[in-house]
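To begin, one chain is listed below as structure tokens, in the form predicted on its own.
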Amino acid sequence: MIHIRKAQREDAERVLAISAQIWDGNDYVPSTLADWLTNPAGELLVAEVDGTVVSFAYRTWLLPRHAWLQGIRTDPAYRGKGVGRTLSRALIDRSCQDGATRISLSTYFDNTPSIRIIESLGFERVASFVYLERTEKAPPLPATANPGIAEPTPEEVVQFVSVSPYLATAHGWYPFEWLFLPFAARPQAFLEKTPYRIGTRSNGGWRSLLCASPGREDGDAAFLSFLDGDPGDFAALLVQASRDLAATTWESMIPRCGEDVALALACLRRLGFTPWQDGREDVLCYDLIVSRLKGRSAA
């Protein structure tokens, strides 16, 4: 029998043991587990089989009434036994009980078992991205002339992003690490995630814009969330951002949907950013509208 309950501090050792079996031991969960166990805005659940924790997952909130699920992990020895489905169903039910009208998550393209589960539970794929990273082994960034880089106001940033081809390719979902925000729902939330914003001007308006955030701790990669406009500006904007943020490494999620690709992808690859899957979309964003779920259940 599968038992679902809220995680306790004493579950940390078992959670970490499961996490160590994910992504060849390179899972991000160890770096955030302490916060998951103490953050009053989130909830970490575990699934037990015969008294042993065999799966876990975390729920937080993107926006009021918009839940975000992440870190859904199951001990490989217990996969295929319905544990992941039961835990995912519990996360949905608890989110709805807490007032969620919308629930979202992201996953990697080859996570076939999880994708099968979430799609069967009503989640729909709404956007896809290419994950890239620029490591310290990448060639130095080129020396570029400053094309008149300046700092836009928050209002100018929102206006630029709202009508950008970049956001259109992302179907309105704005990336921040492995979390994606529906930009139009609350632009202020995006501004909070990416406090560093620079651009270039032309004819009284903004020609190009870069939005990023520094690493959470010293040594962490900076995250590039947005880069759009004139590709001729991109290198200079990245050079300036690297200086200002003291960033020697970068990560980014660039929107791609089939042949519809954000302009930044080709430029970043030339600047030493390496995709995991040769530029194919590999990070998938899923969304569930609770009212549709209820309607489907009623039917």
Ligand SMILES: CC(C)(COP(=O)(O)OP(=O)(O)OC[C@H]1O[C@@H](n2cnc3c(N)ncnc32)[C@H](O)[C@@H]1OP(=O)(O)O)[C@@H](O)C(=O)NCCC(=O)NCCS
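These figures come from a predicted structure and were not determined experimentally. A residue's number is simply how far along the shown sequence it sits, counting from 1.
Only in words, not in the display: the form predicted in complex with this ligand, which the text now covers.
Heavy atoms of R216 never reach within 4.5 Å of this ligand in the model of the complex, leaving it off the interface. Taking the partner from the other structure, this ligand in the model of the complex has no heavy atom within 4.5 Å of any heavy atom of I92.
Contact check for R73: a non-hydrogen atom falls within 4.5 Å of this ligand in the model of the complex. Although the partner is absent here, R85 sits close enough that one of its heavy atoms falls within 4.5 Å of this ligand in the model of the complex.
Note that among 103-111, 137-145, 208-216, 184-192, the stretch whose heavy atoms approach this ligand to within 4.5 Å in the model of the complex is 103-111. Taking a 4.5 Å heavy atom cutoff to this ligand in the model of the complex, the contact residue among V158, I117, A168, V126 is I117. In the model of the complex, this ligand lies within 4.5 angstroms of at least one heavy atom of each of the following residues of 50-81: I72, R73, T74, Y78, R79, G80, K81, in sequence order.
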